[in-house]
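Here we start with a single chain on its own, the form predicted alone, put down as structure tokens.
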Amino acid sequence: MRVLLVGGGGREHAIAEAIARSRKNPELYVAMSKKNPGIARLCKDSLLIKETDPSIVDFAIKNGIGLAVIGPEAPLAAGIPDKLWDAGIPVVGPRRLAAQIEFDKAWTREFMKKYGIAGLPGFRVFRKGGHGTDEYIDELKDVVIKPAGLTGGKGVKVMGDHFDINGAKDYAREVLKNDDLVIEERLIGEEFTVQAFVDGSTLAFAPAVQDHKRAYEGDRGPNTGGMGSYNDSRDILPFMKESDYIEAKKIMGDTVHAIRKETGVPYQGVLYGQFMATKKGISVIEFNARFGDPEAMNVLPLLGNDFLDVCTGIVNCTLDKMKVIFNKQATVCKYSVPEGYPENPVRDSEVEIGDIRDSLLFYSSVYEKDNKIYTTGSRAIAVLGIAGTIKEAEKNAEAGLSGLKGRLFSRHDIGTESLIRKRVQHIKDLRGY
């Protein structure tokens, strides 16, 4: 079986590893904008190209590709899956109309409202060049400002974290010059993510994961693409109730069915729901139309099925015929990033990779020259610890980090007992139990 993977980051390295583990002995071909050394070692051939370039389809046809897997969001927004399907190549990754759930936040909120999908916070959409944002911010008082388009996880700004009310008004006016805008009520609680394989009607859910966006320990500093994440050895995280997970799954199922009604196309790929566990229940922060990075690294190594069997179920709409299983283990993922990241990162700095013990390693934004690995300025390398408990998985992740040498730093508090206790106490205080 010949498989095409589009994308070259840490998430895609995790996907490539899952493909390589398949019993089907696949030949892997990759289209990526920069050569990822981890992925390059797993593939038969690669094309270095912008991941939104339609000539990816020509590369697929030339190599007799039987299945394509899309990693990042940009090719989805560019309609690469539509073009591949049109060429007779099945794709794990939703068509453009369905992928709007990620790349147009204004569309998503209005869609949720239209179909009565639960978990919708108070919001209002403002169109590019419009006005009235000051008045709405005054009305809500505590807000989140979201550019409608893709921002790489860094465009959303939260009052109290990033600015005061006047700063919120300034930022909203700035965004409106170039983009549509969503202003929402700020949700107070604990974030968690649920990811699912989707074949258009059936959803197969992975365990809940918690990502850590802030650059520095103690949840301080600027937002990043994600400094690390963890999951527990059961489906829910320590601060969650079982009902939070059940409600999240229902919201995602309702969303998939409503997308088909609204767009006329089935949602086939991975759906990522980001939720906030609040005092009143759960609310939807956003949806993504693909695996998270780093959350893919938590769940894919735990997949008990052959990944390509699951992919076949997605493209043939037969997920209901199989039982998708995730091993009941905990994982902790920690990113190693260049000094100064994200605002003034060190670039072209060598990273030495020594003994990472029992952890797994995923290359993200690095390059290889003369058999040496160098940083680019973005997140460099992720390590993943796997064990029966979060505590042991965190130890394994730290052991892995100790094998990396260079001008790097990590958030060592991710997955630690003290940070998890803080999360649990926060929810107890909110919900009064």
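As the structure is a computational prediction, the values presented were derived from the model and not from experiment. One-based numbering along the sequence shown.
Absent from the display: the form predicted in complex with a small molecule. The rest refers to it.
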property	result
All of 156, 184 and 286 within 4.5 Å of the small molecule in the predicted bound form, heavy atom check	yes
Residue 240: touches the small molecule in the predicted bound form, heavy atom cutoff 4.5 angstroms	no
Residue 133, heavy atom within 4.5 angstroms of the small molecule in the predicted bound form	no
4.5 angstroms heavy atom contact with the small molecule in the predicted bound form for residue 191	yes
Exercise: residue 274 in contact with the small molecule in the predicted bound form, heavy atom 4.5 Å	yes
Heavy atom within 4.5 Å of the small molecule in the predicted bound form - the one residue of 213, 347, 128, 250 that qualifies	213
In the predicted bound form, the one of 206, 361, 144, 137 near the small molecule [non-hydrogen atom within 4.5 angstroms]	144
Listed range touching the small molecule, judged in the predicted bound form by heavy atoms within 4.5 Å, from 168 to 176, 78 to 86, 274 to 282, 111 to 119	274 to 282
